[in-house]
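Below, in structure tokens: the form predicted on its own, a single chain.
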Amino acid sequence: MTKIFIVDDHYMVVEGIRSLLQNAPGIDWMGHAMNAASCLAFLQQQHPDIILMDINLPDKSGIDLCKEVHNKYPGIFILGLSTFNQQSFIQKMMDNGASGYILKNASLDELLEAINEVKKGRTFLSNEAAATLHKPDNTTIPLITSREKEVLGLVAEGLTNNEIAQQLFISHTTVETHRKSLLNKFDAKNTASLVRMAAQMGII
């Protein structure tokens, strides 16, 4: 039996994959975590064979989590799981120890193939991810957290830090921290250029 664990903050995604895999032969569904902290806490108690890991988590990027899990638990295989078919994301996941990368629109057959290949110690890239990885990469989209994306969307709507803080039920200081982080990640000089770059990249 191949023990599978998933880390994804979208319940519908988790349930969708669970329903696909629960009746598949040779698969033992161990459960899920909705953030990096819960994943690390689970791994202190149990060790799955393969983790299906989203790259966009609320508390830490899946790319960073992948590296941490790979370093602490080298015997666990990691399959990057994402809606982002972006070359830089795929490459970073693989560089940080992932054994493969698959998109969330994958079929059951492709998902099972990925699990079987990775379990054998091989590398697996979905067809779309493999094609993307071999294309010249002209634009690099910064990897931002779910919370940063929420803040970015509200910044684009013209809300002030105080208004964003009230809407998201977080402190003014936390909003300011997210705003500074976004400016840094996009290498933007000001809010106007940040919003323009995010819109051009299709993030907002």
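Rigid core: the largest C-alpha set superposing within 1.5 Å between the two forms. Quick caveat: nothing in here was measured; it's all calculated off a predicted structure. So that there is no doubt, residue numbering starts at 1 and follows the sequence shown.
Below: the form predicted together with the DNA, not depicted.
Participant: Indicate whether His178 is a 4.5 Å heavy atom neighbour of the DNA in the predicted bound form.
Facilitator: Residue-level check for His178: yes, a contact with the DNA.
Participant: Evaluate Val13 for contact with the DNA in the predicted bound form, applying a 4.5 angstroms cut-off between non-hydrogen atoms, and reply yes or no.
Facilitator: Looking in the predicted bound form, residue contacts with the DNA do not include Val13, since no heavy atom lies within 4.5 Å.
Participant: So in the predicted bound form, does any heavy atom of Leu40 sit within 4.5 Å of the DNA?
Facilitator: Leu40 lies outside the contact set for the DNA.
Participant: Find out whether any non-hydrogen atom of Gln22 is located within 4.5 angstroms of the DNA in the predicted bound form, and reply yes or no.
Facilitator: Gln22: no, not in contact with the DNA in the predicted bound form.
Participant: Report yes if all three of Thr145, Asn161 and Thr173 come within 4.5 Å of the DNA in the predicted bound form by some heavy atom, otherwise no.
Facilitator: Verified in the predicted bound form; spot residues all in contact, yes.
Participant: So if I measure heavy atom distances to the DNA in the predicted bound form, which of the stretches 27-35, 66-74, 146-154, 43-51 falls within 4.5 Å?
Facilitator: Single hit among the candidates: 146-154.
Participant: After the core is overlaid between the shown form and the other one, has the C-alpha of Ile17 moved by 2 angstroms or more?
Facilitator: No; that C-alpha moves by less than 2 Å between the shown form and the other one.
Participant: Given a superposition on the rigid core, I'd like a yes or no on whether Arg179 shifts its C-alpha by 2 Å or more between the shown form and the other one.
Facilitator: Indeed, Arg179 is displaced by 2 Å or more.
Participant: If we fit on the core, is the Cα of Cys66 displaced 2 Å or more between the shown form and the other one?
Facilitator: Shift of 2 Å or more: no.
Participant: So the Cα-Cα distance between Asp9 and Glu176 shifts by 3 Å or more in the predicted bound form; is it shorter or longer than what we see here?
Facilitator: Distance between the C-alphas of Asp9 and Glu176: longer in the predicted bound form, by 3 Å or more.
Participant: Once you compare with this form, do the C-alpha atoms of Ala156 and Ile63 lie closer or farther in the predicted bound form, given a change of 3 Å or more?
Facilitator: Ala156 and Ile63 sit closer together in the predicted bound form.
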